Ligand SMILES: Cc1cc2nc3c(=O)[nH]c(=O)nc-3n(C[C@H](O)[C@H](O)[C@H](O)COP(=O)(O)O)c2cc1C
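Form predicted alone, single chain, as structure tokens, below.
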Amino acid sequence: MADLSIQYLGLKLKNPVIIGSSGMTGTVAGVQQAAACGAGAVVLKSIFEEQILHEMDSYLNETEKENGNSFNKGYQSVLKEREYDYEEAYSYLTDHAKDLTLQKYLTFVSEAKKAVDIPIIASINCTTAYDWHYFARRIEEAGADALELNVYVLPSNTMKNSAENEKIYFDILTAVLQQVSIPVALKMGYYFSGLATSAIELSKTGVAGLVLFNRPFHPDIDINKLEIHSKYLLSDPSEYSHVLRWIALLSGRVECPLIATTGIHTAETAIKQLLAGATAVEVVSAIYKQGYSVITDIIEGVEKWMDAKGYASIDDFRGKMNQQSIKNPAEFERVQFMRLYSEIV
């Protein structure tokens, strides 16, 4: 019988199948279902930067109304423009709003931790170096085994260059790592001017893992209603190959574990990512499409394949097919237009 256990974030997981942050991990019941189906760990549904700012703004607005004033400029405007007679008064309002916002999430973290016997990874979804060290510390106190920072920076601001955009990742990590003792993973995007070098430098910060990649919002246009809406909310099984390339290219070069996510719907895909060098995989869309039982299917499929190949542990084959281990490393790098063209025409 193959041993599927792994070490990730300083934690021992019984297998490399982690349930990623989503609505499926947004309740204690959902976490319990994931654990019952054999998941190695669960990343809880994220607390969002926008959610926190909105709730803080709402609290500030209500406070203004109680004092006979109407104020609705948004939290960032409040922070920059609002003048209070006493600095302590404003600090009290913002600090109290933080507590009101975070308490629900902290309670959820605590209850989820008590409900299952697998590692619980809390998640913060953010795009700026806003006061995340404060929230990270509180989440640690709530009992989370680890923390995943989901940082998504779309470099669409024409007033910022690539270095300024990429610096946000380092700023957030620096702020959080200084405040917590639990291991921290970074779930990052792929919008980097130099993705490979940035990933290597990020891995040197003390972060305990890099999760490749967070899945960006895909906008679409309704030509009848003339409205913007989202499309392709769930990943397609074919999307794994983009992640596979970067796992294979970075495996053996970064100084922390790599976790693959997006497009992982079957045991076969999970095995491919492990062969490329991933320590584990995060699954989300497959659960939405097939239910929690897909977790069991993937785990059993990996185990069956390992037994057939004679592998006793994940370490026996992890990275066996990364760029450094194959005969033609260029297969992962080159986009071979002529070869592809000749095959389809």
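Note that this is a predicted model, so its numbers are computed, not measured. One rule holds for the numbers: they count along the sequence shown, beginning at 1.
Omitted here: the form predicted in complex with this ligand. The next part is about that form.
Screening R215, R137, K272, K113 for any heavy atom within 4.5 Å of this ligand in the model of the complex leaves a single hit, R215. Relative to this ligand in the model of the complex, residues S203, W246 and Q323 are all farther than 4.5 Å at every heavy atom.
Interface residue remark: N165 is not counted as part of the site for this ligand in the model of the complex, having no heavy atom within 4.5 Å. Taking non-hydrogen atoms only, L226 never approaches this ligand to within 4.5 angstroms in the model of the complex. Using a 4.5 angstroms threshold between heavy atoms, Q33 stays clear of this ligand in the model of the complex. Among residues of the shown chain, L233 is one whose heavy atoms approach this ligand to within 4.5 Å in the model of the complex.
Of the stretches 294-302, 34-42, 309-317, 281-289, only 281-289 has residues with a heavy atom within 4.5 Å of this ligand in the model of the complex. Scanning 4-22 for heavy atoms within 4.5 Å of this ligand in the model of the complex gives G20, S21, S22 in sequence order.
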